Structure formats: structure tokens, C-alpha cells
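In C-alpha cells, one chain follows: the form predicted alone.
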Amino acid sequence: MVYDVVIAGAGPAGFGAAMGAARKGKKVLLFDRNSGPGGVASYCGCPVFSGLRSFVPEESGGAAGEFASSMQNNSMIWGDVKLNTSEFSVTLIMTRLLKQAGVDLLFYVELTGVKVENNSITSVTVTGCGKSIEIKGKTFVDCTGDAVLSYMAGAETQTGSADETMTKTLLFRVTGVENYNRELCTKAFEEGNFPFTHQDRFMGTPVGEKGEDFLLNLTAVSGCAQDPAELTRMDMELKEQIPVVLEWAKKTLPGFANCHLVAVAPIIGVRGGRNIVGVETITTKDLQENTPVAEPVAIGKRTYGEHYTKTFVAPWAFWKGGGPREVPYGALRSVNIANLAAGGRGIAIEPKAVSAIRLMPVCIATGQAAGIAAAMDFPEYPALRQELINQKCKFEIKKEQ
């Protein structure tokens, strides 16, 4: 069998890509090394979708809105700005939606090989349970987060420094928090001599279907997420930080005295890593000057520079002005592999600026646009735009106003 669209990586971007391609009636395969879809939300312990503010599908549009609508009985909207839920619920709901859309799913496999002929990918090889499987496709979408498929295919990529790609974290969840008050906890954090100086901002949020647990994002380490040895080192350092942070929280944060650990993310959370070099690359200058986007496919933001490795805010951070900015079609297209697109945080963007497009709803949106484009064999923009409209995507700022 030759699939119309093969998608590597089943995180939010891969979910969006598969939904977008399947809605065009194409034969789609989505594969991932984990046991199901969800990516960072499910396997890095971060089931928090900042920017999903409503269960009404039209509010977010496209696959993001469809996901939010389906989560009504499995989540809550916290602070009117983000959907908070559980890892299991993310995987369950995404799996149901993908199956309903007719997407073929393959999990527990690692990408181990890519064949390229005449600047186009012809097949990928995945390995799992001692078996190697060749998957042939007409078009491919890289939603691995770190542009792994692109890199293995010989596509041009770029990788930022450890500082530019932000801190790596290991999130953990506690229960037994009483009468949580964010203002009091923030004040206590600022005055409480937190044991790790690189973290200078309180980061925590209730999670679960009713906010019964509490997610803490206070561990932090610096390193290269494209090196297995570095990932191993960082993982060990982060695990050692968790008991220290937990004891500090019990003694310092209001309402945390009787809390106890219930879960630790099995995989490090990586905010930035490797990106494709695209037909068009989003730059810090684009975001600062809000340069017009001729062919928008999704909406990100203009601000960038948080989660620096020494403090929360990076020296190069751009936080003034803010507001949204559209993501251009060219940022999804590989500059040298003809039948390859990217979705999620691996799209073409200057490493320092990656936080402008990395939040999960934006990843779903860029993934959906990439999936649609691949299903249509990368059409000229007017045809793609019409299909984005058909799939009720929100991709133009003027429609937000």
C-alpha cells in the first residue's frame, strides 16, 4: 500500500495534520514512538492547552475546536485562558477523533530510516517489537517536534543553542493541595528562596477533570535535546530536583503542606530544538515589526523569549506590543524536499523566536494546515486557503477581530 499522506509524530501537530488530511478523503497513516497520540500533553505530563479558552468549536476553529468540543466531559477551562485536563483524556479523545476520521494509526514504533529519490521522500522505515516496517507514501508531514524526519531525509534544518531552545523540564503532579490561591503562592515563591536559582517564576496549575490535582513546572535544566547522552544526563538531573522541590513546596507554599507526589512525567519536556529551513522562515524581526503575511495558514503570537536557562525571561525577549501574528504557508514547506511539510514547533522559525508558535493550539493549527497541503499535493495558496475555510480553521487575524 502507498499512503497519500504519512505523518511522523502524533502530538498536537500530528493530530491536526492527520485530521486535516483525512478530511480531504485521503488515505492517511499517523505513527509515533509512544503508545498513542498526545505528544507533550500525554507523555511529558503537560495536559494544559494554553489558548484553548472554550469548549465551543468555533472559538478555536478547525481540529483544535473539534478537540476542545469533545473534551467537555473530560476537562475544565482554567482562568478562562486554558483547557486543563488529564493525560489519559487527551490520548483517549484524540484517538477517538482520529479513528472516526478514518486515519490509520501505528504506535510503539521508532523512525529508523528514510528513502529519498530526486529530492522527494519515497518511504520511511519504522521499527518496533523487533520488526522493521517500510511505509510508502506520496507526501510526508514531519510533526516530530524536533524535525527528526526532515533531518533524516537530508532536508536543510537549523538548531539553536541550549539557551535559545529554552530550559528542559520534568513536570510532576501532586494531590492534597488545599485552598489554592495563585497570588499567595506567587508571593511565597518570590520570597521563599527557591532552591534552584534559574527558576525565578512560580509555575503551577490545577489539572484533571475537576482540578483535583496540581501540576508543578518548577524543575529546569539546560542542554541539547538532539543528543541521547545529553537527554540522559538532563533526565537524571531533573529527577533529583523533584524531591527537593516537593519538600520546599510543602514548607513554603500556602496550601501545599499536606500535598504528596502522585505522578512524574515519563519523558522530558522540550520546548525548542531543531527546525526545518523553509521556503519562508519566521524571524525575530518579523515578530518585532509585525511584517505582513501574504499567505497565512495559522495564527501564532508575536512575543517570544520565555523559559530562558538562567532566568524565566531571556535577554533577547520581545514582550512589548504582543498580539497575534499569522504563520505563513512557506514556513511549513521544506526548502529542498519537495513532498515534505512540517507542523508544530519544528516549522521554519528562527530558534530564538520559537516560543511564538510552540503552544499546543498553534501546533494543532499548523499541523492541520500542513496535513491539508500534503493531501492536496502542496497546491498554490488560493486552493489551500479555500480548504482551510472549508475545514473551519481560524488562520486570518482579521477574522478574529
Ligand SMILES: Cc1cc2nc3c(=O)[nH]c(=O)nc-3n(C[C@H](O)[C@H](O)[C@H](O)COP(=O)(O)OP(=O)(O)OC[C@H]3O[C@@H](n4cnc5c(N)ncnc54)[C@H](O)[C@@H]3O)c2cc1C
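Computed from a prediction, not measured in an experiment: that's the story for all the values here. All residue numbers refer to positions in the sequence shown, first residue = 1.
There is another form of the same protein, the form predicted together with the ligand; it is not shown, and what comes next is about it.
Note that among 284-292, 231-239, 269-277, 245-253, the stretch whose heavy atoms approach the ligand to within 4.5 Å in the predicted complex is 269-277.
Checked against the ligand in the predicted complex, the candidates Ser75, Thr139, Thr169, Thr165 yield a single residue with a heavy atom inside 4.5 Å, and that residue is Thr169. Among the residues Val48, Met376, Leu29, Ile337, the one placing a heavy atom within 4.5 Å of the ligand in the predicted complex is Val48. Using a 4.5 Å cutoff between non-hydrogen atoms, Arg333 does not count as a contact of the ligand in the predicted complex.
When contacts are judged by a 4.5 Å heavy atom cut-off, Val177 does not count as touching the ligand in the predicted complex.
In the predicted complex, the ligand sits beyond 4.5 Å of every heavy atom of Lys352. Shown alone here, Pro12 lies within 4.5 Å of the ligand in the predicted complex, counting heavy atoms only. Within 4.5 angstroms of the ligand in the predicted complex, the stretch 338-372 places a non-hydrogen atom from each of Gly343, Gly344, Arg345, Arg358, Leu359, Met360, Pro361, Cys363, taken in sequence order.
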